[in-house]
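Take a look at this single chain in structure tokens; it is the form predicted alone.
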């Protein structure tokens, strides 16, 4: 693929359990300002803006209206994606590819602390037949985890190793919410939330925001000495009803990955990618998603983790930032994965930098149990 869209600026906040000390517009203003500073532009240079947020999390209808001033969308086109931030990047990328924009800001924010995560996620389900059952992201995730673990013989301890790896690596990430040494025994002893998911198996409630600046091929070369190019991208949406899809089959992620790999000219992702940032709200999902993205065979996600393949210093480090287990808000997680991927390709990962990283994968997901999947490959 001849790359036509560049990432020329990135920024992210420190992720915290509660950012109640500042208003949402203050948080967003900071990441927008830093992303534009990183890109060397100002608000007058922006042609369009894409925001990512969800009304339920912000406690108001059309919540993006409060961001108009701080994102610079007065008298400029703004699109809003009520879902994962990486999905918002697809929207911004398409505006540039269609010739409707030369420079686009994409910003995502969420205040998980302002509401009950699982009560809100109950609203995702059918209001007549499924909401009344009490289904939410946690209970549905438990269904998916049980199916996956039984199908491939995965143990709870193998899932716990994901938590240990990510919290350890998060100690190198100044933006991480939770970063420390942990043990498998500690994860196993944490309170059971919905079998087999325990408290430490789940991403913590988190507040924060991040932003990126996209540019056309011409503007990317003119404005940046070191642009990071979008080499491939794929997305796919699976059925809404859980019973209408195989929860471990992963058709949406398989198709999204294959599309992104084909565009980027990648045949063997394990050998041709240098680092991967994967959105996994629960520990088992990191194992399942890596299998579906072709890093290994089905049922072998735990094996390559135990062998160190996906650890720092391994063949393909997965989530050197700590990932969602270290704390990223819902809707912001996918865009954070892209920000981290861009930093890796630019060689600016600091203590979490993967040596020689030239191609990185960013992954985002929306909906329940990976209903919607986004995969993006970036490189220089």
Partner chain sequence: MKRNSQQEELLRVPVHMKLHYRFPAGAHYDKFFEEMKETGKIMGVKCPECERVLLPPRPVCGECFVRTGEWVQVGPKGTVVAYTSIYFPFVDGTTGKPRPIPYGAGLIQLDGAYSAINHILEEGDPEKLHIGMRVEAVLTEEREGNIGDILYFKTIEE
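Positions refer to the first chain, counted from 1. Since the model is a prediction, treat every value here as computed from it, not as a measurement.
The form predicted in complex with the partner chain is left out here; the points below concern that form.
Engineer: Which one of 80, 161, 198, 111 is close to the partner chain in the predicted bound form, taking close to mean a heavy atom within 4.5 Å?
Structural biologist: Going through each option in turn, the one that passes is 111.
Engineer: Just give me the single entry in 70, 330, 345, 35 that has a non-hydrogen atom within 4.5 angstroms of the partner chain in the predicted bound form.
Structural biologist: In short, 70.
Engineer: Answer with yes or no whether residue 56 is in contact with the partner chain in the predicted bound form, where contact means some heavy atom within 4.5 Å.
Structural biologist: Flag for residue 56 set to yes.
Engineer: Look up in the predicted bound form whether residue 24 has a non-hydrogen atom within 4.5 angstroms of the partner chain, and give yes or no.
Structural biologist: Yes - in the predicted bound form, heavy atoms of residue 24 and the partner chain come within 4.5 Å of each other.
Engineer: Decide whether residue 268 counts as a contact residue for the partner chain in the predicted bound form under a heavy atom distance cut-off of 4.5 Å.
Structural biologist: Residue-level check for residue 268: no, no contact with the partner chain.
Engineer: Does any part of residue 299 reach within 4.5 Å of the partner chain in the predicted bound form? Heavy atoms only, please.
Structural biologist: Although the partner chain is absent here, residue 299 would stay clear of it in the predicted bound form, with no heavy atoms inside 4.5 Å.
Engineer: Looking at 320-328, 333-341, 346-354, 24-32, which stretch has residues with any non-hydrogen atom within 4.5 Å of the partner chain in the predicted bound form?
Structural biologist: Answer to the contact question: 24-32.
Engineer: At 4.5 Å, heavy atom to heavy atom, what parts of 257-275 sit next to the partner chain in the predicted bound form? List them in sequence order, or say none.
Structural biologist: Counting only heavy atoms within 4.5 Å of the partner chain in the predicted bound form, no residue of 257-275 makes contact.
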